[in-house]
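The chain below stands alone and is given in structure tokens; this is the form predicted alone.
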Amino acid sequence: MQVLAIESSCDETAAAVVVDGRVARSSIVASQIDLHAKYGGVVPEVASRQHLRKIIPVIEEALEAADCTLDDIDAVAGTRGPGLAGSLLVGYNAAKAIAFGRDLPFLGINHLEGHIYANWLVEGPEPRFPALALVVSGGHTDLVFMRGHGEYERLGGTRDDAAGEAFDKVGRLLGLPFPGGPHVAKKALEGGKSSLHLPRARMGGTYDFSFSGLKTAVLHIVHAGQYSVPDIAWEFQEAVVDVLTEKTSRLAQELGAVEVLVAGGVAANQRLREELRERCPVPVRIPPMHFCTDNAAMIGAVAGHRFGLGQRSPLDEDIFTTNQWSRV
């Protein structure tokens, strides 16, 4: 069963053809990083206009790379949120239009659920349940317990900045290029232990996160001018990774999860990967780098499993922009 999947929640225009929710026959991503770099962040209106320019060529390239046409497609899926409203509308309505025009089943997919299902695109045995998913991206940081396909319980999340958002903002404070996350991680490799110690918000008694205080602490350190950029980057990364890893490993043990699934753009951070695998009491799955950041293959992976369960979405279903796991 082949799904044509489309993703446009932020600043990547993406399309993919995915077979049975497991195999990505193609995955095409048109990035807008260079377009937004001069602004230091994603400009929503600019992003949506660029999606309009790219959406048809990207879909055509995905079909060509998969060596198929729309005649070979069994269902169409599109990201319905969360994300930027203008960006979401482009990809979501393109997916619905194709489904309507070709009389194909349509599935609207939660972007965060897509990140989790990137773990199903890896060769080998499927992830096992019950599993604990750590979703860490530019806009979201969530701990979600999965008892089965489509069965989610959100047990913790950020109360302010997401982990990826904090990385990007600290990158800006350190004078690093956009997006800040990868550049902070790169600078951290040049730093190391020093007398600098940044706070860890443990949020005692909960599995929630908070990174705004850490970001403010970096601001004061930068203004004081006592430490080098690499040392600040190193300690900041250690503080974020420490909290993410400690809460994930403790919750996995408490719940009796048999696996930890890591998802989202921050899952590409090498230090986070190392610490989770070292400290978690159960096996940790992390998708390859190209499936950590936004892509359409992950949307196709969810759609394949939901299609197999007999689920469909009405064509009059609208987008949503907030982090609502209840709407998965």
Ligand code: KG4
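A residue's number is simply how far along the shown sequence it sits, counting from 1. The structure presented is a predicted model; accordingly, all values stated were derived computationally and were not measured.
From this point on, the text means the form predicted in complex with the named molecule, which you will not see here.
> Using a 4.5 Å heavy atom cut-off, which stretch among 89-97, 249-257, 132-140, 153-161 contacts the named molecule in the predicted complex?
Within 4.5 Å of the partner lies stretch 132-140.
> Does at least one non-hydrogen atom of A185 fall within 4.5 angstroms of the named molecule in the predicted complex?
Heavy-atom contact with the named molecule at 4.5 Å: present for A185.
> Considering non-hydrogen atoms and a 4.5 Å limit, does the named molecule approach P179 in the predicted complex?
Yes, P179 is a contact residue.
> So, in the predicted complex, is V29 in contact with the named molecule at a 4.5 angstroms heavy atom limit?
The answer is no: V29 has no heavy atom within 4.5 Å of the named molecule.
> Evaluate H111 for contact with the named molecule in the predicted complex, applying a 4.5 angstroms cut-off between non-hydrogen atoms, and reply yes or no.
Contact with the named molecule, yes.
> Given the named molecule in the predicted complex, answer whether the residues D168, V266 and N269 all have a heavy atom inside 4.5 Å of it.
Checked in the predicted complex: all three residues contact the named molecule.
> Considering V284, C292, A66, V42, which brings a non-hydrogen atom within 4.5 Å of the named molecule in the predicted complex?
It is C292.
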